[in-house]
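Here's a solo chain for you in structure tokens, the form predicted on its own.
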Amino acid sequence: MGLTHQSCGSKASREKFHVFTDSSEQPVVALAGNPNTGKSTVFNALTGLKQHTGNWPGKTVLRAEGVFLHRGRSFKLIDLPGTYSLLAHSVEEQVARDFICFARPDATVVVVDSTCLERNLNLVLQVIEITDRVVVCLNLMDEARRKNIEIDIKGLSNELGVPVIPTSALMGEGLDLLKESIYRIALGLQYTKPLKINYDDVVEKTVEKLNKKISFYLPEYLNLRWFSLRLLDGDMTIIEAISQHLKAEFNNTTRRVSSYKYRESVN
């Protein structure tokens, strides 16, 4: 008998964010998006009455989470604060960034306003730099139709390298397709190939050098390239976030190993 994947593996750090699932097999889904994209409407449409609210641990930022079912599977949905970016210029951005980076949701849904894609895609590009388990929810399609806006959904999906699902959450349109896409991404039934943002040669060579220097200090599951880019950007908050995360992981693992050894000695 040994330590489980749940107790000291990729799911353990979720406890830091107070993410407790009904079972070890319940996938966790993050819901991200700019303000005023209908993200809360999407959240309510998916979870219905199976939700509750509170604050993020140690923050005054409102937190909502709920549950939805699809194909007989239960999914935990975490509504992240509405943000325009993940560069951690505000508490809301830091909460969203840290959850996607360190809680490692099984899927991240980025809700965008189909009537102003240019502004919203900035967040999408930042998210797919961190994780490849992404679904883009192209919301407010009823408004886009009213304004005679046509979107090449297939072309956008091919360009981003992740599923793009058109919805109108207020009207209940596209929600079943959204659930199906989340189901496939979260359970590893569909793999994505997100667009890679290539920078100029100086930046790329510097990132490569940084990767070699810091790879020893970071767990393999963290996106090394993204962290190097944040360091180059002068984002000092990421250093503090990594330190807190690794400390929490170490303390969590140590506590569970001690508990396991105690149970073994008693038995």
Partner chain sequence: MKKEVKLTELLPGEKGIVNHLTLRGLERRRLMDLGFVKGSVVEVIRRSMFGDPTAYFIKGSVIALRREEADEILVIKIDEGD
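A quick note: this is a predicted structure, and the numbers were derived from the prediction, not measured. Numbering follows the first chain given and starts at 1.
There is also a form predicted in complex with its partner chain; it is not shown, and the following applies to it.
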State yes only if every one of 63, 94 and 104 has a non-hydrogen atom within 4.5 Å of its partner chain in the predicted bound form; otherwise state no.
-> no
Proximity to its partner chain in the predicted bound form (heavy atom, within 4.5 Å), stretch among 80 to 88, 67 to 75, 171 to 179, 131 to 139 | 80 to 88
Even though its partner chain is not shown here, does residue 196 get within 4.5 Å of it in the predicted bound form, heavy atoms only?
-> no
Any of the heavy atoms of residue 126 lying within 4.5 Å of its partner chain in the predicted bound form?
-> yes
Do residue 122 and its partner chain share at least one heavy atom pair within 4.5 Å in the predicted bound form?
-> yes
Distance check, residue 150 to its partner chain in the predicted bound form, heavy atom within 4.5 Å | no
Taking its partner chain in the predicted bound form, which residues of 229 to 247 have any heavy atom within 4.5 Å of it?
-> 233, 234, 235
